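First comes one chain, alone, set out as structure tokens in the form predicted alone.
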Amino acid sequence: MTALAAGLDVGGTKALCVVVDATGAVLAEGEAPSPRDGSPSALEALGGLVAGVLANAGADTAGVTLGVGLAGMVADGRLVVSPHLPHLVGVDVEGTLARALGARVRGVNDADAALAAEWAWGSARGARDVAMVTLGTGIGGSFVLDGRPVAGRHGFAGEIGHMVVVPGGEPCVCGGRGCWERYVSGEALTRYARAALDEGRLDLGDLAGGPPTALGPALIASARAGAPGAAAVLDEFAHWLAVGLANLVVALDLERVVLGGGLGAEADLYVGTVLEDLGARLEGAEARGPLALGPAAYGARAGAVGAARLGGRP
């Protein structure tokens, strides 16, 4: 990575930009809504976000590298499959931003970017067999096994949000049913909170009547205040997180799992329940020893920080 780099994490809901130095320290950051279409004007708006963050860091775009983390399957810098950003599939995000900024731009998978940051400077540092699980609008994943990043045949390794955990279960945006991210994501948490409210198991006061997007944050705030109803909803979320993690651990014999994304940053509220559930269901749990499980050191910024790191590589 060059001495100064920018990273842009484009998720299903928002885009977060950071500027970092060679040690991974965040010098400036900013965010904006994710583009709702793939038009040049929408992408140029992202370029404006990047330019503004660079200016706040006391830099301009000349000579700066930009890594762009994209939610979905990425090949040759472009999205080829993305349930959460379908309007960017096939769009030349790299080229449009490069022309708008006059910078070198590289598109990468967002979860790969998050693990790159955590493996270099954060919670995955020193691990030889580790998974990044990003929890946000959906679930992303990335792996380092035997000390090496895993890309897979097409570079698509880590699409763990679409492992089927309930055959014939909840319909997913990918077109399948019963995918893991339908049970462990921001949307899933909102669904659990709404069901608990309707059944009288949860009281969020005036926030209960707000927009659906407000239910998740309200639930987290209630859990932090010690409300038992909110803790019970998080237990349901933790159960489904443990189901998928058990599959990953038995398949890959992981030593560590890092939780990224917005919900990963709240891991202290539910990680104990996840570990308890894993201990009860994981084949050979005693022989494996404890699994290191916790939040990304960079929190929800991990994807953007890692994009900056990967964007500076040839």
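When you see a residue number, it is the position in the sequence shown, counting from 1. Bear in mind that the values here come from a model prediction, so they are computed numbers and not experimental data.
What follows is about the form predicted together with a further copy of the same chain, which we do not show.
Participant: Is there a non-hydrogen atom of Glu159 within 4.5 angstroms of a non-hydrogen atom of a further copy of the same chain in the predicted bound form?
Facilitator: Residue-level check for Glu159: yes, a contact with a further copy of the same chain.
Participant: Just to confirm, Pro167 within 4.5 Å of a further copy of the same chain in the predicted bound form by heavy atoms?
Facilitator: Although a further copy of the same chain is absent here, Pro167 would touch it in the predicted bound form, with heavy atoms inside 4.5 Å.
Participant: May I ask you to state whether Gly77 is within 4.5 Å of a further copy of the same chain in the predicted bound form, using heavy atom distances?
Facilitator: Answer no; every heavy atom of Gly77 is more than 4.5 Å from a further copy of the same chain in the predicted bound form.
Participant: Against a further copy of the same chain in the predicted bound form, would Gly152 count as a contact residue? Criterion: heavy atoms within 4.5 Å.
Facilitator: Judged by the heavy-atom cut-off of 4.5 Å, Gly152 is in contact with a further copy of the same chain in the predicted bound form.
Participant: Between the options Leu252, Ala45, Ala55, Leu275, which residue brings a heavy atom to within 4.5 Å of a further copy of the same chain in the predicted bound form?
Facilitator: Only one listed residue qualifies here, and that residue is Leu252.
Participant: a further copy of the same chain isn't shown here, but in the predicted bound form which of Ala227, Ala195, Leu145, Ala98 has a heavy atom within 4.5 Å of it?
Facilitator: The residue from Ala227, Ala195, Leu145, Ala98 that makes the contact is Leu145.
Participant: Which is the contacting stretch out of 212-220, 103-111, 230-238, 126-134, given heavy atoms within 4.5 Å of a further copy of the same chain in the predicted bound form?
Facilitator: In short, 126-134.
Participant: Would you give me the residues of 72-110 that have any heavy atom within 4.5 Å of a further copy of the same chain in the predicted bound form, in order from first to last?
Facilitator: Met73, Val80, Val81, Pro83, in sequence order.
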